[in-house]
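Form predicted on its own, single chain, as structure tokens, below.
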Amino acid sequence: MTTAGPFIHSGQTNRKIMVMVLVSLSPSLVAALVRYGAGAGLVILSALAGAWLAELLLDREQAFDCTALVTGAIFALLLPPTAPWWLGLLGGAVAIGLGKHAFGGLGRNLFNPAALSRVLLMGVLPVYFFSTTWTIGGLTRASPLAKESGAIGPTITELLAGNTPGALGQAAPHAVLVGGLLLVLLRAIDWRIPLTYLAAVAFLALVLPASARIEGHAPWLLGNPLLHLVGGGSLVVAFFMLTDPVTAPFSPSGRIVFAIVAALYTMLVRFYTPYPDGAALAVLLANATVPLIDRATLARASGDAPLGATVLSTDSAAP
């Protein structure tokens, strides 16, 4: 009689890991609620409800391990504060239905479900995601990454305080950082990914040549690593999306390559397209390269061990 491994278990379960992730997401969710008020709270609750109800319908057993709640929470952080509640509900359901179960369910999805839902809805309902300027709390401003005529460069104080227009996950950069570092300390994610991604974003902000649109309208986007680290979705992507072990490479070396690829996609969108951010799109493009990265890195360095963390999945299980 033969049996198959593995035979050693860490004692972790998807549910325990998901609770850790939800705790780590809570500072960002609370910060969004404090800054934007009841409207943001309704959007967050709607995204959580949409994801959970879709999971309950498609896989009743998985609905109670908190994986859907993690997906819904991450998707909520990708929405602008002006989003209607039903967009959160729809996005949470799309993330689970198309982003997760269309690929076969937990642990089988190629793309990060929250990022996939965000990009799909952005294409279908662009009016809720794109605006030359946003009016929030009586203040009309463009995104700090905007390249349109009339955009205004943010100050360092505004960037660090999150006092710039953007998604709910940008309400307080320090809250995202606290939650992300907590995941690193708990060994729920591979620290190589956020460190490499953020370092690569900062480096590219210094060395990439400007496009004509940037030179004419937004020269402050050049040589400004801090802006690109905290003025868009970089922190949420670094700690809560790229670190999903289901949609990231298996080996440590592969994860470093993956993070660099994601950073390159992020900055190419920011520098050379009309779209201001591109972080969520970069996640999907980087996810698509994972099979190639795994093939190359595992074949070349078969001695690489998987990361020490014992995460089973993120957005589809843990980030």
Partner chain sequence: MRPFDAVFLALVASRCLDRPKRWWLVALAPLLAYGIGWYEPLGRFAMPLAALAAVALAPRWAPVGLLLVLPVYGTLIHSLGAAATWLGLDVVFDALLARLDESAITPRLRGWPIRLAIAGILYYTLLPLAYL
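Residue numbers count along the first chain shown, from 1. Nothing here was measured: the structure is a model prediction, and the numbers come from that model.
One more form of this protein, predicted in complex with its partner chain, exists but is not displayed; see below.
Of the candidate stretches 66-74, 29-37, 253-261, 274-282, only 274-282 has residues whose heavy atoms lie within 4.5 Å of its partner chain in the predicted bound form. For a residue to qualify, one of its non-hydrogen atoms must sit within 4.5 Å of its partner chain in the predicted bound form; none of Leu159, Ala212 and His217 qualifies. Among the residues Leu42, Leu56, Ala288, Ala49, the one placing a heavy atom within 4.5 Å of its partner chain in the predicted bound form is Ala288. Between the options Trp85, Phe103, Trp191, Phe203, the residue in contact with its partner chain in the predicted bound form by a heavy atom within 4.5 angstroms is Phe103.
Taking non-hydrogen atoms only, Leu168 never approaches its partner chain to within 4.5 angstroms in the predicted bound form. Although the partner is absent here, Leu183 sits far enough away that none of its heavy atoms falls within 4.5 Å of its partner chain in the predicted bound form. Shown alone here, Gly123 lies within 4.5 Å of its partner chain in the predicted bound form, counting heavy atoms only. By the criterion of a heavy atom within 4.5 Å, Leu79 is excluded from the residues contacting its partner chain in the predicted bound form. Using a 4.5 Å cut-off on any heavy atom, the residues of 101-120 that reach its partner chain in the predicted bound form are, in sequence order, Ala102, Phe103, Gly104, Arg108, Leu110, Phe111, Leu116, Val119, Leu120.
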